[in-house]
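Each of the two blocks below gives one form of the same protein chain as structure tokens; they are labelled structure 1 and structure 2.
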Structure 1
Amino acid sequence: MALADSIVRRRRGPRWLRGWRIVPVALLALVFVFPFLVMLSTAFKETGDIFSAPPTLLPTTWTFGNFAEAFEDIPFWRYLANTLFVSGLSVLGTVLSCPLVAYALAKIRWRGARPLLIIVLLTMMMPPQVTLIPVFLIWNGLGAVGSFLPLIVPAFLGTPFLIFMIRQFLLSVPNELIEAARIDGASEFRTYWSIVLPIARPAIVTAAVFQFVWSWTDFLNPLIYLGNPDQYTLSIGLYSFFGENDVAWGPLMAACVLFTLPALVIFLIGQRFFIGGISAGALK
């Protein structure tokens, strides 16, 4: 791998030019991260310092008071534990269910594949506003309102968006690999488990990261389904910085920075898997 890389690199122009490649990449990242930098700097600003014309990025005086206030206003660790619990189990559910369904859509030759794909697509097309109440009433009928179940169980049943995404990835997996395993007498599940899953790892990790971030940032579902404040997730906690008429900008931004950091770490860990070139080796 390393050897191959070095060969490829040697072909891409002189060394000084290669060093410059970091410029567009860094610029791209800067554009995307800039609003976050504004948030970060606000978290360290004193109230009177937050808005100015023209705007400034650096605080005139640095303060940690907003972070202190953020920790004071919401039971941060409790909410963090709840959020991790919900997000973690949702990711587990997604990883178990979505690739299975996607495999049935992409690589098993059966008459149901086409209709099922259409159903998955159709499911994504219905605006969520109108199904909110009927779905709530179902959970209510099942007696699960007030528990974590409505936030976690859906992930175990597959998310259409992620199923569709993994299915699209599986399409580009050569059928020969799967056929070969089948001819060797492997069961369908074994083929799936030991051949397809490893190849699909980048897509599955991507799905896991998406699921994690959705669960992490979801606001409406925790609010509707969780019964008491001991169960609340961080995204609900962020709302305590919005007053009826005004926003506590400093503490909100501080809390938001704290809110994004764990998810950022998860992303950094997750991306090692879909970036490490693992699948490239498996494919060839």
Structure 2
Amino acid sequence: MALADSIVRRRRGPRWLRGWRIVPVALLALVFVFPFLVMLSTAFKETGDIFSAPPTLLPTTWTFGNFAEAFEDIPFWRYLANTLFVSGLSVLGTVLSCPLVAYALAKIRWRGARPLLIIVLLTMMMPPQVTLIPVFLIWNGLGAVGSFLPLIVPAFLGTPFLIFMIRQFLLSVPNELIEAARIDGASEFRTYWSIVLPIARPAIVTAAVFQFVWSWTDFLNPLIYLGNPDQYTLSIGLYSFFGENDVAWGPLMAACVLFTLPALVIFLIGQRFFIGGISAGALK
């Protein structure tokens, strides 16, 4: 036992060297976190304190007036309700469609599985700029431009990346479990619902979190398809706030903090499922 411990310590290297390895990671993390810290501190600064020289990270005087001004200048609750509506239905569509397609590609033997998987992979590799105009023409021909349908319906038809991600997870599920359910007389849908879905919960939650963050932070699609200000999501609402108020940085940063918090909370809640999925994959 002592010999094994000494071999492990020798492979890891000296303690001071292991400590220095953390420094590059911490510096890289600081680079990514610093803009968020600036946004957060600016939200609590007074107007004269934002462009002080020399600049300071922490406010000289803490104020919550920027948040009150942000609520007064933009219809924040209406934009929030629109964003929750679009994001919630997009997540629902993803949870209903992507695991079903992934199961069909991973665990059901049928002649079209391989060509369909290739099509899914090809759509992942295609830049969205290529399909932007054709997709817009389709929705315009259907008379859906100016509504929430172009932002919601695609999620119910499946997202290629999320389908591929869930499929890769399902490949690690033992085929013996599915065969046992079929031998017991379970239908294909019953096998999918009772056996596969509970096992694939970490991958499904991960896909739901990805879809929520994408829908919550989406700027281009609402900008293209939504023309009525009453339908604006938070991303478009903040853009209009930016233009109408001649860059009122304090209220703008306060609104950005409120815009960022839900996505951050959802990610933190789903983080344990990410870890659970990694652990489950390693165990299998």
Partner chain sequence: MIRTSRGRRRLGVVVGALAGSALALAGCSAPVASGPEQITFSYLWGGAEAEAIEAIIADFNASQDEVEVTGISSPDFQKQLTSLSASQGSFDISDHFGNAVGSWASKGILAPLDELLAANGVDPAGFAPASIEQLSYDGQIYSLPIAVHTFQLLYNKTLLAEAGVEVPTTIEELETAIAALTKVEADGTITQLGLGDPSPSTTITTLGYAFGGDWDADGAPSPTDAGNVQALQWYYDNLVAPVGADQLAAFKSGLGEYMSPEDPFYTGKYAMVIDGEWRAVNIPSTAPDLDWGVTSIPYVSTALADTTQLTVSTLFIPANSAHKEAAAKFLAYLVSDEGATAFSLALGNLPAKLSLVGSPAYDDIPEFSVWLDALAGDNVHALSSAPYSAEYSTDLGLAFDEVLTGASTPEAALQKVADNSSNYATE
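Each residue is numbered by where it sits in the sequence of structure 1, with counting from 1. We call the rigid core the largest set of C-alpha positions that still match within 1.5 Å between the two forms. Please read all numbers here as calculations on a predicted model, not as lab measurements.
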Taken from the structure described, the form predicted on its own is structure 2
Would Thr217 count as moving between the two structures, using a Cα shift of 2 angstroms or more after superposing the core as the test?
no
Core-aligned C-alpha movement of Ser52 between the two structures reaching 2 Å
yes
Determine, in Å, the CA shift of Leu28 between the two structures after the rigid core is used for superposition.
8.8
What Cα shift, in Å, does Ile266 show between the two structures once the core is superposed?
2.7
